[in-house]
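Only one chain is given next, in structure tokens, and it is the form predicted on its own.
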Amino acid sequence: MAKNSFFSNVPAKIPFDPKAKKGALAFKHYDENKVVEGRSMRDWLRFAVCYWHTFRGTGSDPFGPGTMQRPWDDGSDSLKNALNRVDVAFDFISRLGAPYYCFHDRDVAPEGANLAKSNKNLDAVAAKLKEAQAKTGIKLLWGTANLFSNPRFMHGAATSCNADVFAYSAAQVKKAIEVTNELGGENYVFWGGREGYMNLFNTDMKRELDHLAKFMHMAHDHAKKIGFKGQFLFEPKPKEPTKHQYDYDAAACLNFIRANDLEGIVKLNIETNHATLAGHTMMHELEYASIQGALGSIDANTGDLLLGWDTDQFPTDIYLTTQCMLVIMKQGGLAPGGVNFDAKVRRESFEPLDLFYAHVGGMDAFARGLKIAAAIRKEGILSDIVKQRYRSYDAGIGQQIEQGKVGFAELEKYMLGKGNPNPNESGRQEMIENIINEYL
């Protein structure tokens, strides 16, 4: 923890105090040791603080420069500034009580004049990160490489039409995996910020997808070589900055994984705001990934439906967090993944204290979602409704369909004999929504 803290107006650890006054900097719902369905809230939620928005975000947007007051940051991209930032980051995370953090290589260490100098900078910061982890007990949930900001990635990284950029990207990811491994990271994420296209007239889509698959296999081969046992994660996003990204949504990512022999190697990291941009709900994306054994981790945020772009706001919608936790609990949790706050305070919330309010609100929202989901699961109303709705497949012709004992000919014979199907029953959608609201 920093010797001269920039957060002296914040408790050494944010308390759990359900009776704290409104607006107090305290958890009302997140009690890390509270046991829910046999495990603690800490273990269910596995919260992580993202390095990029929280410690590198400036508050800039397409219409204006940054607004954030970050007194610990001198505004430079120097190694000294990066090393000083580590103290502040771990001071913040310690006071918050989050067990994990996540980073891109370029979040924590400045880019050098060439790859060798960039690697040297990353090694220097990684050494300090490792010391800070040892002192605080905070762990690395996942690492990743920034393959989108530098102009060299204008055509993509693993999908670039420039073979030298592919080679540079591979070298950068090699180093990022090694640093993630050195820091005990439990996952490694692929996010293809510019892995897509703007114009199909100049794009060989098949070749680019083939290259992306080769890239992931190379990464997996190197991970095995160095003994990295963490989970690889692929993060869907449909657009922005490209018109169309190859990791469009969970379905597109899983199709890519299966088509390229990456099953069992890569799972998915699902983000709420990206689900929205793809025209899906977060619950849809989580459920789609989970039922196929591919839900590995989540980025917890939300978008503004009136803006239509990736605003990455902190999640405060209890309906949303309840939906998330219903899926996560049904699959038995996220480990080795977790709930990473890939979220940023809004441009108008510019003081350092706002970072605490934002994270406390998000953590409490997910804790409430966890408790509500547990109550719903305990009473079994939803599961009973679903079981009742599909009961025609539990016996008779429905059971034979599921067991593969009939084909079209047998089904035709069945219906010719019966004449007409049994009448449909109401889905009771409004009733179900009312029941959920009772839990909220």
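The numbering used is simple: start at 1 and walk along the sequence shown. Everything numeric here is computed off the predicted structure, so don't read it as measured data.
From this point on, the text means the form predicted together with a small molecule, which you will not see here.
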| field | Heavy atom within 4.5 Å of the small molecule in the predicted complex - the one residue of E285, D105, D247, D299 that qualifies | value | D299
| task | Let me know the one among K237, K267, H359, K344 whose heavy atoms come within 4.5 Å of the small molecule in the predicted complex, would you? | result | K237
| Which of these stretches, 81-89, 166-174, 140-148, 125-133, has heavy atoms within 4.5 Å of the small molecule in the predicted complex? | 140-148
| said: Taking the small molecule as it sits in the predicted complex, is W52 in contact with it (heavy atom to heavy atom, 4.5 Å or less)? | reply: yes
| query | So, in the predicted complex, is W191 in contact with the small molecule at a 4.5 angstroms heavy atom limit? | reply | yes
| Even though the small molecule is not shown here, does E195 get within 4.5 Å of it in the predicted complex, heavy atoms only? | no
| task | Indicate whether D310 is a 4.5 Å heavy atom neighbour of the small molecule in the predicted complex. | result | yes
